[in-house]
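Below sits a lone chain in structure tokens, taken as the form predicted alone.
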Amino acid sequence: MEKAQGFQVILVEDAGKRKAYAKITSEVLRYSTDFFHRKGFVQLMPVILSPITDPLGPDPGSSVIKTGEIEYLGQRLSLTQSMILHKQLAVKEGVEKLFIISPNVRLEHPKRGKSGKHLFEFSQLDFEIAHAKKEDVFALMDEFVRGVVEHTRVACREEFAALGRELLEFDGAFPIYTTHELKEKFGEDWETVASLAHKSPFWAVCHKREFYDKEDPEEEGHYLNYDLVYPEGFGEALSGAEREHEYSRIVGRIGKDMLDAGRYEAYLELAKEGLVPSAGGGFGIERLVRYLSGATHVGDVQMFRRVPGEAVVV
């Protein structure tokens, strides 16, 4: 292992594995795009630079150390951390079911490089549904995950054999737990332990997160959001929520989280006109490929690794 300017340099040396991961990634992208089109979603192009982006805070699980920015013609523009705010605005414009394969840049603390599941540059499939509830997202993603497993099981038979990976089959709907239940059973850092204890994906609901995740109107301090978690120790697959859509609620949440409202001026002006209730989520393409392939680290499945704390080779 070499060193370069204080960073580790790590490459997947096995060309056969790199080729297998590339094939599985290609089939995941093929199936994902076809699935969402079949379900009546409109595919949008991603936003790379914007005056607004997901703040990723005050989520206690976030370890982003800075937001990537550039200056262009006197305007400060952020690199997209996720397209959540833009999805809400697209729904406001009348696109009731949408998805995007969106490049995200999240400049994570180097310690995240050892988690096996963090990248500082990755792609996620982001989707949003007007007037949806969390149960609609659960049904959609239960179907999607089962479908992508079966599709790749056939399309990538040779690749899975070469990697020594045997995919599990799932019976019944994915279990649903509150984070309170999970913490009580598995401890404060429940995710990996709970993931190892399961043979199928499961849902974890009610996380204290960003201002756009809807607070339960009937139970203050509880939230209508959710994560999907892969089994076998692979951890978080998807994050999502029903969205705050009322202007006064959004402004109140931004203030409560002590965020700079000025950074969201354009979003707030449009929110003042009225947003549409919606729910959605986003799942990392590389994390899905890691789970399907059984890779040790999510960076292994990238042709060009982007792992926190590692030097960018190419």
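The numbering used is simple: start at 1 and walk along the sequence shown. The structure presented is a predicted model; accordingly, all values stated were derived computationally and were not measured.
Same protein, other form: the form predicted in complex with another copy of the chain, not shown, and the subject of what follows.
Of the candidates Leu56, Leu29, Val251, Val276, Leu29 is the one whose heavy atoms come within 4.5 Å of another copy of the chain in the model of the complex; the others do not. Scanning Val205, Ala162, Leu182, Val95 against another copy of the chain in the model of the complex with a 4.5 Å heavy atom cut-off leaves one residue, Val95. In the model of the complex, at least one heavy atom of Phe120 sits within 4.5 Å of a heavy atom of another copy of the chain.
Residue contact with another copy of the chain in the model of the complex: Phe41 places a heavy atom within 4.5 Å of it.
Proximity of Arg18 to another copy of the chain in the model of the complex falls within the 4.5 Å heavy atom cutoff.
Using a 4.5 angstroms limit between non-hydrogen atoms, Leu259 is distant from another copy of the chain in the model of the complex. Within 4.5 Å of another copy of the chain in the model of the complex, a heavy atom is found for not a single one of Val137, Asp216 and Leu224. Of the candidate stretches 167-175, 141-149, 121-129, 188-196, only 121-129 has residues whose heavy atoms lie within 4.5 Å of another copy of the chain in the model of the complex.
If you take 43-57 and check each residue for a heavy atom within 4.5 Å of another copy of the chain in the model of the complex, you get Gln43, Leu44, Met45, Pro46, Val47, Ile48, Leu49, Ser50, Pro51, Ile52, in sequence order.
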